[in-house]
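Quick heads-up: it's one chain on its own, the form predicted on its own, in structure tokens.
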Amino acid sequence: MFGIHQKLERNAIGFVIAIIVVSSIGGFMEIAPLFTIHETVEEAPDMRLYTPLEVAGRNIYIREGCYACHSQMIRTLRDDVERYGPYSLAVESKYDHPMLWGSKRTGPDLARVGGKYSDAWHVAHLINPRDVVPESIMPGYRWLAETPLKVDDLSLHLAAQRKVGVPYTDEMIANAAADAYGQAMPDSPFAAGVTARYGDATNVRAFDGQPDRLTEMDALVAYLQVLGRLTDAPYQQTASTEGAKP
């Protein structure tokens, strides 16, 4: 084997051909699954889109590096499922650009954190994690509750998402800023438009406890509260699997 490798290294043309062959095999193995993507991604007719406020929250999540300590992918291992809930499906990340699966769990996985805790718990946790989880080593993000959310560019964010396949409509893009206000201010005239465009399952409330203002805390909590709740497919998959057991 080593003799063949030495001879190959001394033959420039042969070495180049070998590199091309090996690279082609590796490239094929990466590209081939894309041709069956429609077979590997589950159907989820009830899959809904992130609202502008949730998109803003996701951007803050990325900006603050939350993905470095929290994964968003529950593996099919028994321990993962028993601790966090139904294992993650490919369709749940259908509209995630970029993906936030993560590979490190300094903190717990967040794929099913939506609805697990109250808004007040999340606010307290983000301001000072030790107030609700004494052993936490997570830093506090107190400024989020004091920083007004920037909304004037949200329509551009939605338009960019549409370019990579997320089916936002022209109406959704045009009303992005108003919908961000409406989702966090349930008594405002903008609130009705949010549910009309994104569905009755959309969370519409003052996430940071301050209904008279829109903050980055509103956005981040809105995003956290929707994780694992964009579709019921994982729960239906679990139910069908359990029902098939003898």
Partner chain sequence: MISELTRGERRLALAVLTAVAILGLALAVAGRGDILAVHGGLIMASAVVLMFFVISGYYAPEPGEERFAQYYDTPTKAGVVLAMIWAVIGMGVGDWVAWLLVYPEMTFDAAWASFGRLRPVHTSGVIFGFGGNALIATSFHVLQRTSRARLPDQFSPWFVLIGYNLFCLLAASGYLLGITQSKEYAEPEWYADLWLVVVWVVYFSIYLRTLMRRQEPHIYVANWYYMAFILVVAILHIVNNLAVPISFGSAKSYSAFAGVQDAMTQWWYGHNAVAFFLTAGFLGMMYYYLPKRAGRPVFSYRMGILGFWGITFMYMWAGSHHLHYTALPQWVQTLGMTFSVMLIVPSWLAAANALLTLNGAWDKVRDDATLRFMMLAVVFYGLSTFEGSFMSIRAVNSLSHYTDWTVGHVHAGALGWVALITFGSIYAVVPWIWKQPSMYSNKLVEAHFWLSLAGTLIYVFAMWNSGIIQGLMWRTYSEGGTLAYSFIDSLVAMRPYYIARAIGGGFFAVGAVIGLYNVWMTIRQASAERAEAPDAPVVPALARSLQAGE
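Rigid core (definition): largest C-alpha set, two forms, superposition within 1.5 Å. Computed from a predicted structure; not experimentally measured. Numbering follows the first chain given and starts at 1.
Missing here is the form predicted together with its partner chain; even so, the following discussion is about that form.
**Student:** According to a 4.5 angstroms non-hydrogen atom cut-off, is M99 in contact with its partner chain in the predicted complex?
**Tutor:** Because a heavy atom of M99 falls inside 4.5 Å of its partner chain in the predicted complex, the answer is yes.
**Student:** Any chance G114 has a heavy atom within 4.5 Å of its partner chain in the predicted complex?
**Tutor:** No, no contact at 4.5 Å.
**Student:** My question is simply whether E82 lines the interface with its partner chain in the predicted complex - judged by any non-hydrogen atom within 4.5 Å.
**Tutor:** Yes, E82 is a contact residue.
**Student:** Could you confirm whether Y67 comes within 4.5 Å of its partner chain in the predicted complex, counting heavy atoms only?
**Tutor:** So Y67 counts as contacting its partner chain.
**Student:** Which residue, G27, G209, G199, P189, has a heavy atom that falls within 4.5 Å of its partner chain in the predicted complex?
**Tutor:** It is G27.
**Student:** Based on heavy atom distances of at most 4.5 Å to its partner chain in the predicted complex, which listed stretch, 173-181, 191-199, 217-225, 56-64, is the contact stretch?
**Tutor:** Stretch with heavy atoms near the partner: 56-64.
**Student:** Using a 4.5 Å heavy atom cutoff, which residues in 144-168 contact its partner chain in the predicted complex? It's fine if the answer is none.
**Tutor:** Residues within 4.5 Å: K150, D153, L156, H157, A160, Q161, K163, V164.
**Student:** Aligning on the rigid core, do we see the C-alpha of I31 shift 2 angstroms or more between this form and the one not shown?
**Tutor:** The answer is yes, as the C-alpha of I31 shifts between this form and the one not shown by 2 Å or more after core alignment.
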